[in-house]
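Take a look at this single chain, the form predicted alone, given in structure tokens.
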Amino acid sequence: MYLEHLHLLACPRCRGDLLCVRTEQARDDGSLLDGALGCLACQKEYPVIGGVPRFVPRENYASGFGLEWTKHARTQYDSYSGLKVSEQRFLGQTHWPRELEGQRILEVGSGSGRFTEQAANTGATVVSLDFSYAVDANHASNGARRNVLILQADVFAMPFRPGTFDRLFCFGMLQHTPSPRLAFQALPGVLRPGGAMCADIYKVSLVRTVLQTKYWVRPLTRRMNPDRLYARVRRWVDFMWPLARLIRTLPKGYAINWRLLVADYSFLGLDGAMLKEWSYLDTFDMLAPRYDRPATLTTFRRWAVDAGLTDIETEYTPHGVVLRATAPPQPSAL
């Protein structure tokens, strides 16, 4: 982390100021690789390991995501795949401009950082957090950028003061928390009055939930050791690949493959080894998360209303339900 970003952080316990209280390894460019941050108010210390401040233990219920994004650190990056999938999703869901220099953006649930890269490309100062050790993969790809700060932290106890950020986005994360509603409610408070917010969540539907095969097997797989599950996923995809190739030739055959627990992104134009790499990744992603709790559009919108957000827009996309909203303005003084 660059110490110039320290003013953006606060103790998640008491919201006190944080200082660098121990330096074990640093660079001449002002970045801290290993050491500790300490709270002036409550004296709590938080380690900095590998350039990432850690406000939660490295291993936790999201460790499957840590394994996933460590093994597939660059798989879904546009610069690796040759597609513009991450750019199109980031701009298409947020409706934000491409130039945001001078603003502060918070990303909640970064994974390996495919959207961190897109947010940083706007020129804004980007703070990106994830609950899992996927932050290490994100830091390897984006941590050297001067406008990026990467944290391992909990959405239910974020290390920020109220009103710190101009914009916030949260993609692919809410459904994987113990309580998506409470996780969503934690987001608006860190936005300044009038700040912009965009979040998505898996949608509840007969096809996507009741009839989706992953929900039949997840009661078993979500309890498995992530390393063991990942090895079994690779063997399953390898075994099914010849059949999946034939099914792919049928109308919407890729959708049948998903029902057979073989993630299939051929509709994006992927093929060969790259298509199979994405299949390993997202087949594991279907089966590994401890929590997978989708919501209806109506429910998602109600959360936003209950949080006092305004200018609420919702829509269905292939990724689920997307919500855009604005933090309420500061009440006028009497």
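In this text, residue numbers run from 1 along the sequence as written. Not measured: the values here are computed from a predicted model.
This protein has a second form, the form predicted in complex with a small molecule, left out of what is shown; the following refers to that one.
The single contact residue among Phe131, Tyr230, Phe90, Phe184, judged by any heavy atom lying within 4.5 Å of the small molecule in the predicted bound form, is Phe131. Proximity to the small molecule in the predicted bound form, defined as a heavy atom within 4.5 Å, holds among Ala137, Leu149, Leu106, Met173 only for Met173. By the criterion of a heavy atom within 4.5 Å, Ala119 is excluded from the residues contacting the small molecule in the predicted bound form.
Using a 4.5 angstroms limit between non-hydrogen atoms, Asp154 touches the small molecule in the predicted bound form. In the predicted bound form, the small molecule lies within 4.5 Å of some heavy atom of Tyr61. Taking the partner from elsewhere, Thr177 is found to have a heavy atom lying within 4.5 Å of the small molecule in the predicted bound form. Of the candidate stretches 34-42, 62-70, 304-312, 264-272, only 62-70 has residues with heavy atoms within 4.5 Å of the small molecule in the predicted bound form.
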